[in-house]
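Read the single chain below, which is given as structure tokens and is the form predicted on its own.
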């Protein structure tokens, strides 16, 4: 089965799948088959609407948002064998967003020191019922006011966070960080230990919210003052103003399925970005050809290393397609 919508793509898939298996295939076509194959097997099944089960209540329900796999990996570790994972990119379309579990958690990256807009929007439009609430933010350089922001966000939407903590991981924001250097940073050796500590605290249902220091506030204030970004939705913009596909694009379509807003399409064999953008850079990091680049937007610089891309080694492209695809 080939997941495709255009006649051109159907023709390509038909010919590739029926070709002589002993005939050599060049790298360009191999990647195209890989991309289309992923799209055929990774179409997500949207939940039918909230937790309407009448059987035993879910023990631990975790909502996650992930662009490069860090938050998905952490979610899996915290969920364990008994937990249930739901992608925020899919659940935000739920027409009956009422969730009931013994424990409810949120795991997401820290964008400009706060949760991504899609996470904020999901929380604002949903109803949650649980005995224990927790949030874990994954970040690269600084998390600053993240715990305080999340605590207030929960209160504004009718529930109380019991536990909020953060885990430092590889920083994937390409305008500022060389991911190759980030991957080699010794701090990464502490990730398993930090995840284990967070998991132990949640298992014990500890009440703890990571303190925000005056230095945290100074870093945050300085950033927003110099960047001029919106303090609640700092990364939301139009995708065509942020990213573009270079001539290396082969139209495999992976970008169309890892984007949580569905803001990529393939036109005449070339990917084109147009639509809402979370600035998560899932498209940039997960392109098999490294064919998507970032448009420098002042005051942010150009990428320090255009060849450096990242996906958590424990998460596949197929996992992220299943989590984020809007097709």
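Since the structure is predicted, the reported quantities are computational estimates derived from the model, not experimental observations. Numbering follows the first chain given and starts at 1.
Below, we refer to the form predicted in complex with a small molecule, which is not included among the displayed structures.
**Q** The chain here is shown without the small molecule. Which stretch in 246-254, 108-116, 78-86, 156-164 comes within 4.5 angstroms of it in the model of the complex, by heavy atom distance?
**A** Going by heavy atoms within 4.5 Å, the stretch is 108-116.
**Q** Does each of 122, 322 and 325 have at least one heavy atom within 4.5 Å of the small molecule in the model of the complex?
**A** Checking in the model of the complex: none of 122, 322 and 325 is within 4.5 Å of the small molecule.
**Q** Let me know the one among 239, 94, 126, 235 whose heavy atoms come within 4.5 Å of the small molecule in the model of the complex, would you?
**A** Going through each option in turn, the one that passes is 235.
**Q** Whether residue 141 contacts the small molecule in the model of the complex should be assessed with a 4.5 Å heavy atom distance threshold; does it?
**A** The answer is yes: residue 141 has a heavy atom within 4.5 Å of the small molecule.
**Q** Just to confirm, residue 280 within 4.5 Å of the small molecule in the model of the complex by heavy atoms?
**A** Within the cut-off, so yes.
**Q** Check residue 263 for me: does it contact the small molecule in the model of the complex (non-hydrogen atoms, 4.5 angstroms)?
**A** No - in the model of the complex, heavy atoms of residue 263 and the small molecule never come within 4.5 Å of each other.
**Q** At 4.5 Å between heavy atoms, is residue 67 in contact with the small molecule in the model of the complex?
**A** Taking the distances in the model of the complex, the answer for residue 67 is yes, it comes within 4.5 Å of the small molecule.
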